[in-house]
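Quick setup: one chain, the form predicted on its own, written in structure tokens, and binding and motion questions come after.
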């Protein structure tokens, strides 16, 4: 079972929900932090990091002794990662999407592949809860390839909880695509509602069932609740604006550990998600 925890905007509490649900379920769960531009789930889960792996993506390497400068490689590249200028072939590594098309069309076999560092994967665990996060190389523009590597490293035998990046752009789609359920985390404010609507539209394009967690539920207004009712979005959990919870969060502490009464709430949250997935025909094998 794959549950992706997402939101339309940052700061709604995705990481809080992801980590606390993992802790509430305990063994048999793996938490993936796919917010690779600024991963922070490890600050709360506090796993023991056991190993790290460098992640590279393939980019073209041109042998100028074989190249006839026919420009077929630059013509096929839709990302303008190659340019033929006189007797030179310029490769713009940051624009390359590693599709391999330039190698396929090169009539002289002058293009092979070399690696470009994208970032790192970190593997760890805590009390039987598996943990993987990705950390994007500083200055790197494209995070989806690293997010896909994080997801590919997951153990398919475990319940997978994904802490997705904020927003509705390509990194979020990479973290949501193929999940069994999208748990949207929002807050009852005008900004929260605006970005929730965008996120829900993206999820519906993917055809994945989703539900809501409303964090800081007693601030703002009722418009998020009204929107959820209108759009038939189940509200699976509400968390009040509680100073005790905010103080615990600011110290890197978790709700289910500081306030044991909340453990049952997060366990029940998972059970509701599981019921919706089963109703829709079950999780991916």
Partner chain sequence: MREIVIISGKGGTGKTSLTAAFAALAKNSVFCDADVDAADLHLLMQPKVVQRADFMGGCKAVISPDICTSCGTCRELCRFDAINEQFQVDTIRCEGCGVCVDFCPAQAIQFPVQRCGEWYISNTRFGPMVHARLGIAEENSGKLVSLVRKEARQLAEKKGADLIITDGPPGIGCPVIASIGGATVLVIVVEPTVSGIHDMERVVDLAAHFKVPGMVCVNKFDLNVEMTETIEQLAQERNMAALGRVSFDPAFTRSMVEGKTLFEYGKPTATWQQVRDIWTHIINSPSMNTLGIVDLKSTIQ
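Source: prediction; values computed, not measured. Residue numbers count along the first chain shown, from 1.
The same protein also exists as the form predicted together with its partner chain; that form is not shown, yet it is the one meant from here on.
Of the heavy atoms in residue 105, some are within 4.5 Å of its partner chain in the predicted bound form. Using a 4.5 angstroms limit between non-hydrogen atoms, residue 9 touches its partner chain in the predicted bound form. Put simply, residue 177 is close to its partner chain in the predicted bound form: some heavy atom of it is within 4.5 Å. Although the partner is absent here, residue 190 is a contact residue: one of its heavy atoms lies within 4.5 angstroms of its partner chain in the predicted bound form. Residues of just one listed stretch (154 to 162, 84 to 92, 197 to 205, 123 to 131) have heavy atoms within 4.5 Å of its partner chain in the predicted bound form: 197 to 205. 252 is the sole member of 234, 252, 240, 28 with a non-hydrogen atom lying within 4.5 angstroms of its partner chain in the predicted bound form. Heavy atoms closer than or equal to 4.5 Å to its partner chain in the predicted bound form belong, across 88 to 108, to the residues 97, 98, 99, 100, 101, 103, 104, 105, ordered by sequence position.
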